[in-house]
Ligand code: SAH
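Below, in structure tokens: the form predicted alone, a single chain.
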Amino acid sequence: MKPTILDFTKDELSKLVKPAFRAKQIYGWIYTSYAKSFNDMANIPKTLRQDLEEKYKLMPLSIVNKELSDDGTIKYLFCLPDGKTMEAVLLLMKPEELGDDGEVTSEARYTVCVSTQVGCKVGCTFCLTAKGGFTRDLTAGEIVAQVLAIKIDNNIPAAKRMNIVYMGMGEPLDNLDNLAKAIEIFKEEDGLAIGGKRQTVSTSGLSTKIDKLGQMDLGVHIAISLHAVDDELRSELIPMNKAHNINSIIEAVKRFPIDTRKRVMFEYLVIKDKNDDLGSAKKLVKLLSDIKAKVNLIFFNPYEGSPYERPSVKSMIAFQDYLITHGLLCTIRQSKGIDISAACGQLKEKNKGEY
């Protein structure tokens, strides 16, 4: 099976093609002009185009299904060259606004939630992805391809900046080498030019890998999927917590290089009668007292067969109010795509056996 050319940084590509300046041209064709084939690259010599065609795939995934939410969220199911499927989501964070004259007064803002693995090893009990087990890591190019394919599918201009969150299927830090390479490829100025400050790695808390990511100094933000304030509940929700407990995660976060103007995001999935009480809120305030933190409260997104339930709006607001009153910056994430298969693994599970 041919590798994808998207696996290469521009520097790596410049060592593979001669003369080296062709790498910049190829990057432009792929990420700026959205070339559909190597043959579209008009200013590349025919012999080089043929050589690239023989050795590499240009786009390593295809769209096999997508669902559009009323709020503009689009959930994608992609098929990889080996027939495996995984998901990504385009989130419309702010719609385009037009003035009375029909001119754009405010551009649309997007975030793409990408997967890093087919399946996942972590086994969170609230996550549908976990039910399918782990299949394999995605290559750097397969991670990058998700954003490229979504931009092409939605006619989003190449120059339009986007935010990336590594929060789809899989644990990003469990695929650290390919994750780091994808981050670098996204940052290429001659490519998608998505800087580190626009990229957020969301992890369920592999504390040793948090340290390794920090040592790479890639300039990305980090978000911690905390979801509980004591090890007993967290080990129920995230079995991996037995090896990487809450204290080890908090200490690793304190060591992580963070822009002094920014805060560390702590994702807290709120589940009815599990972690939505004010006692948990009190413990959360104490746990994060030494960190410049922001808490993002997330409604549990229910799916068929889940043992957990969505919390009430009243309990969410009470939880948020307690955190804010006690000095923690806190937001309630607006649920997006709840009318479609937006939770991780839902669209893949729905289409199981069809592809």
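Note that residue numbering follows the sequence shown and begins at 1. Remember, it's a predicted structure, so these values are computed and weren't measured experimentally.
FYI, the form predicted in complex with S-adenosyl-L-homocysteine isn't displayed, but the following is about it.
Contact between T85 and S-adenosyl-L-homocysteine in the predicted complex is not found at the 4.5 Å heavy atom cutoff. In the predicted complex, at least one heavy atom of F126 sits within 4.5 Å of S-adenosyl-L-homocysteine. In the predicted complex, K75 stays away from S-adenosyl-L-homocysteine, with no heavy atom inside 4.5 Å. Taking non-hydrogen atoms only, Y166 approaches S-adenosyl-L-homocysteine to within 4.5 angstroms in the predicted complex.
Only one of I298, L288, C330, L52 lies close to S-adenosyl-L-homocysteine in the predicted complex, with a heavy atom inside 4.5 Å, and it is I298. Scanning Y31, Y56, F38, Y303 against S-adenosyl-L-homocysteine in the predicted complex with a 4.5 Å heavy atom cut-off leaves one residue, Y303. The stretch that touches S-adenosyl-L-homocysteine in the predicted complex, counting heavy atoms within 4.5 Å, is 220 to 228, out of 273 to 281, 155 to 163, 142 to 150, 220 to 228. Annotation for 191 to 218: interface residues with S-adenosyl-L-homocysteine in the predicted complex are S202, T203, S204 [heavy atom within 4.5 Å].
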